[in-house]
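First comes one chain, alone, set out as structure tokens in the form predicted on its own.
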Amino acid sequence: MTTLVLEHVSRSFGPVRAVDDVSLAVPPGSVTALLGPSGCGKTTLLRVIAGFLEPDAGSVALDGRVVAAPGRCVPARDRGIGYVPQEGALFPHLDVAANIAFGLRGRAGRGRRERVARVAELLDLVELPRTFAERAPHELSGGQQQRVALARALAPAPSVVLLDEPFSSLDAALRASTGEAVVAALRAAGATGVLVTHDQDEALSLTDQVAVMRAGRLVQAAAPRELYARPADADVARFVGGAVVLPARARAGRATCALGDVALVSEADEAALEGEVTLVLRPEQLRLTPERAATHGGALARVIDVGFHGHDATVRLALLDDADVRLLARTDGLTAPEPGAQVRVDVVGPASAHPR
């Protein structure tokens, strides 16, 4: 297992700084997501790690061995890194076995029998039947092609595997199952993984660490649960999971906002905040009850519209006391209120806050 460390990495294209002073550590055997909108520098950073681009500043190290820095660039083929591009990019004229074995060509001690055994082992690893070995790429589904692409990347037993939005072209159900299978295969192989994605659900559910990028910079890197509970700022919260952002006044570990008095996350800096703050709530923290319900407190709001998703629903609301204050709640799909209804809104659980 290999530790990947980036220190102050920058890369520009003319006047555009695509990657700006990024430092990040990827623990051995873990999977990290590079998450952000299109154009934020994710793929450029991945290509610097792979050795396809040289950094203008900073360094890339594998287990303490510097493989990229100004004036020093180890060729991509000598870094021990596997790469899975978008769409898989399988060779159309080769069958599955030949695609997987392609990375083994020219390696000492890899005779035909060893290559056949390695292909079978990798098909098992990516959860494909061994009978697929003789199929052509066009005979496979998109998810199956992505698994073969991963098997090809894993064939030489790389220490690090880089995946550049490998599931972006798949439908939702196939995307989820393929993502789970791919990450399981990475873990079984003991490889350190870096996954580029703009899909927040993918990043949160599949990886050990999520690194959020914005305009070429690394904004926050944390475990998925930590990132969701304690986003670095309101923009991270909006991008990762959605957020209700309200002005508030903090004092002694609590904050007063349009929805009443809210506890702040206790174990970190929020408890020390005083004065004007920006309060960040998750939509599922807003509990909606009928206006007539016998409940104490709660702000009155009117339902503007409801987005039904089956298992849950998103409810947009406007406060009755201040129609300019708009809220987004996430609730059970079958019990969501109707548009036009008036409800009481309470906050459940502590919130994150940031100085204004």
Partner chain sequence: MLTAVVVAALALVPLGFVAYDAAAVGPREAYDLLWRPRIGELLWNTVRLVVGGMLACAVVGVGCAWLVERTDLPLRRLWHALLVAPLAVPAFVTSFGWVSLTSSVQTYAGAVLVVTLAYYPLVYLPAVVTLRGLDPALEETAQALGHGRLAVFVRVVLPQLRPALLGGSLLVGLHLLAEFGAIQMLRFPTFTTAIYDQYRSTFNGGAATMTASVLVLCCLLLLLTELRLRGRRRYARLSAGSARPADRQRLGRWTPVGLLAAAGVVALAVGVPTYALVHWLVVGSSTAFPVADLLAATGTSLALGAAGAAITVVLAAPVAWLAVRHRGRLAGLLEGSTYVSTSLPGIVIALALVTASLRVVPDLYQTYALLLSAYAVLFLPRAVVSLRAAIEQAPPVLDDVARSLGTGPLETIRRVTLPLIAPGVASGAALVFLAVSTELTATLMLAPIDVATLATRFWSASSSVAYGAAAPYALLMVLISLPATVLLGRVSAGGGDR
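Numbering follows the first chain given and starts at 1. Since this is a predicted model, take the numbers as computed values, not measurements.
Separately, the form predicted together with its partner chain exists; it is not shown, and the next lines address it.
Remark: of stretches 44 to 52, 65 to 73, 28 to 36, 313 to 321, the one touching its partner chain in the predicted complex is 44 to 52 (heavy atom within 4.5 Å). Not displayed here, its partner chain is kept clear of Arg251 by more than 4.5 Å at the level of heavy atoms in the predicted complex. Using a 4.5 Å cutoff between non-hydrogen atoms, Arg152 counts as a contact of its partner chain in the predicted complex. Contact between Phe167 and its partner chain in the predicted complex is not found at the 4.5 Å heavy atom cutoff. In the predicted complex, none of the heavy atoms of Arg225 sits within 4.5 Å of a heavy atom of its partner chain. Think of it this way: in the predicted complex, its partner chain has a heavy atom of just one of Leu122, Leu186, Ile81, Val212 within 4.5 Å, and the residue is Ile81.
Screening Pro137, Pro85, Gly142, Pro283 for any heavy atom within 4.5 Å of its partner chain in the predicted complex leaves a single hit, Pro85.
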